[in-house]
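In structure tokens, the next block holds one chain alone, the form predicted alone.
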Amino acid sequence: MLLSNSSLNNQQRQEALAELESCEFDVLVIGGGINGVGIALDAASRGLKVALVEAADFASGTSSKSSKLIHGGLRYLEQYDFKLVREALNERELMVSTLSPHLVKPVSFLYPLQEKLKERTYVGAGMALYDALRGFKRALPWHKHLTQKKISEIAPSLRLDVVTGGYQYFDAQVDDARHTMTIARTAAKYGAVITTRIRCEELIKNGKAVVGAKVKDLENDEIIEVRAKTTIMAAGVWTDPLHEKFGLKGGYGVRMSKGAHIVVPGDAIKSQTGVILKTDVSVLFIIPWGDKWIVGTTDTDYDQSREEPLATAEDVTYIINQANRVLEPKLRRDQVIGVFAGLRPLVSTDPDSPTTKLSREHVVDSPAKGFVSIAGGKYTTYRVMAEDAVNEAINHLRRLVPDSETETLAIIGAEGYSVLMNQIPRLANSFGVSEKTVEHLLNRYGSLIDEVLAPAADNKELLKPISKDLDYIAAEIVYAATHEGARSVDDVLSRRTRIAFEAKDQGLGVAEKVADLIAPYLAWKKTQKNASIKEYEQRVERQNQILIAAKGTKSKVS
């Protein structure tokens, strides 16, 4: 099979722009979040000619700001949404075992009980159902009950005056932005034309039928007419304004729900497992993230700017208060080193229903011939959503198209990953780095590790950490620009790495170093490099104002 190069870089972008202008596509995808890239991969895997345009960066919206969990959604059992839970659990198993084992990892959670009889019976039944919905062939262990004594051993930070026992169960976690970008690269490998910084301005119509779109290259303001037999819009929270902009009446509306998270150091919470807490309105996760913890999330109606949703001081206070119900010592505001917030695009027909009650099911709609839109759903079920969207688009092509191949199509980096994990000492010796660095790289790039480290053969400086407090090395920063489509300092620090919320200074101390490393590969002049640094600094400053307000707020933290 003749495969395309999966690299996304300056040269690839120029070639992609030329193809957008000169070719007619079977499918044009609008949106580079998890659903958009999933659709591009699904369509390309069926042999369709595919193009994807994204106005900003891959996963620059909701898909980089999730709770980083691949899960069935334990709380959806209370809503009797068994179909969604079963579907999500199946996808979880596929990702952990076959599709993306280098990126999607098992993670354990403890569900603490606060009374011995009724709650134990109720929660235990839910755990049993959660496991049973997956079936007996599974990659993750079954749940188990833990005594108060056992909980004190594995999670010393949990208050024993409150917690009487608990259940331990397993789900999985992922670096959502890296996973999304890697799927985009996989789609490129199978022939999809992938571009970022390309905004859809208007649809091209032949009568009432959509036959393509006019798109704008935001790097040079050039307008390109893209011809396509079908167009699929996967725009998340931008769905309603784009429907309106394109003069289409969608068959559904999208409600925005904000989910905020905080990041605290590893020593702030002593536990060998994650924790899930039921709140009055939803659930709260305490999630291990390397040597740190991510704590969240909120689930509140949002009607402000879609451009850059920010966590508020009230969000931070809520999260800390909920976590402190069971933690001792309690979390403090001054321990928060990072915050981030994303917007869930929830499908709604009832404007008065609270967002916590809205279904996480997805909807595929076709408001015009040659045009399909999709919204709703969960990150975990992106592959199913993509298949459904492409199936609908095929109805507009009016020709036989093969079924989806993505259930068995591993994304790039997955092949040989488990074998390489068994060879960490050999790889460390071969590449001249520590075993810890090899493990770090394998869990980010899988079998592409040699590609990441290739430039270091001629420049050993690339093997050095980008910062003494972080595991990332300079070669990864270069690779972000040469292979992963990064086009700004923000792309690298916020999404190709997660330095933006992992570093105590949000990456400000390494921003210039990052710019110096990627500038040659993006053909930047000095003014462009400085502008990219400044853009990042301003983004951090906006979020830091929230952090300062949160740490100095007078509102009560219990």
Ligand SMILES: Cc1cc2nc3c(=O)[nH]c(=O)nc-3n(C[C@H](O)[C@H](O)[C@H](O)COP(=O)(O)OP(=O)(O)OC[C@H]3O[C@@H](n4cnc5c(N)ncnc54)[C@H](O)[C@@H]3O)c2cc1C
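Computed from a predicted model, the values in this text were never measured in an experiment. Note that residue numbering begins at 1 and tracks the sequence as displayed.
Although not depicted, the form predicted in complex with the named molecule is the subject of the following passage.
Figure note: of the listed segments 506-514, 485-493, 42-50, 28-36, the one touching the named molecule in the predicted bound form, with heavy atoms no more than 4.5 Å away, is 28-36. Here the marked residues S6, T182 and I294 all miss the named molecule in the predicted bound form; none has a heavy atom within 4.5 angstroms. A residue is said to contact a partner when one of its heavy atoms sits within 4.5 Å of a partner heavy atom; R383 fails this definition for the named molecule in the predicted bound form, lying far away. Taking the partner from elsewhere, R498 is found to have every heavy atom lying beyond 4.5 Å of the named molecule in the predicted bound form. Within 4.5 Å of some heavy atom of the named molecule in the predicted bound form lies at least one heavy atom of T62. Using a 4.5 Å cutoff between non-hydrogen atoms, E502 does not count as a contact of the named molecule in the predicted bound form. Screening Y167, Y130, W238, Y190 for any heavy atom within 4.5 Å of the named molecule in the predicted bound form leaves a single hit, W238. Comment: the named molecule is not present in this chain, but in the predicted bound form one of V211, A139, L462, L242 has a heavy atom within 4.5 Å of it, namely L242. Contact annotation for 407-426: no residue has a non-hydrogen atom within 4.5 angstroms of the named molecule in the predicted bound form.
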